[in-house]
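Here you get one chain, nothing else, as structure tokens; it is the form predicted alone.
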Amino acid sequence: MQAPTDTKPRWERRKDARPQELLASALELFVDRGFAATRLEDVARAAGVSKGTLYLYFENKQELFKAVVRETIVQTIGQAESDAAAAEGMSSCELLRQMLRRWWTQVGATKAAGLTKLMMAESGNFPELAQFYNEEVIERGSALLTGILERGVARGEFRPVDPVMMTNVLIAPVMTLMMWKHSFFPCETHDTIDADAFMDTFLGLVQQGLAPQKNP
């Protein structure tokens, strides 16, 4: 049997792909130049369309940035939330390990990690974007980890800890690794940090640190 083919005219297939092409181009430019220095005409040019075409999909630069964050980081958080809710039979330790590893592989080790660096550098100048990023990324991501920690403590799988404080403790090393990757790694000529080895070491420490204390 012959495989089905896309019967749409080439121009129509191209039109369907434009939002994704614009988002991909915007991600590259936002990360490389920052929010303030990125111009919509440059995003359109990189995507191979006119600036007018860009406005058919995104009202302004702020909405384009939000769409990029939702397409990359927020989508990852949403899938992680669904998977965590369905992981009733998984140990809390393994679930936490998977969530932290997923964050690194799907966000931290990708171009999307540069969006976090961008927000840290420019959020003071763009309070609306800072509020958006806090609500859709920071609060949701933190709530996911806090919920797993609460679950583990309640089940006796983790030692008693303050889940909110421990969430911050878990986030900080991964954020540091992300900043190193996008701030220093491109300039280093020797002794480059092995990010995967860093994550393995970090996750091992987390497992040991959260393990319930054994009765003497």
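Position 1 is the first residue in the sequence shown; the rest follow in order. Just so you know, these numbers come straight off a predicted model, no measurement behind them. Just so we're on the same page, rigid core means the largest C-alpha set that superposes within 1.5 Å between forms.
What follows is about the form predicted in complex with the DNA, which we do not show.
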Exercise. At the 4.5 Å heavy atom threshold, is Thr176 in contact with the DNA in the predicted complex?
Worked result: no
Exercise. With a 4.5 Å heavy atom cut-off, would you call Ala36 a contact of the DNA in the predicted complex?
Worked result: yes
Exercise. So in the predicted complex, does Asn168 come within 4.5 Å of the DNA, heavy atom to heavy atom?
Worked result: no
Exercise. Is there a heavy atom of Arg70 no more than 4.5 Å from a heavy atom of the DNA in the predicted complex?
Worked result: no
Exercise. At 4.5 angstroms, heavy atoms only, are Val49, Tyr55 and Asn60 all close to the DNA in the predicted complex?
Worked result: yes
Exercise. Core-aligned, is the CA shift for Asp42 between the shown form and the other one 2 angstroms or more?
Worked result: yes
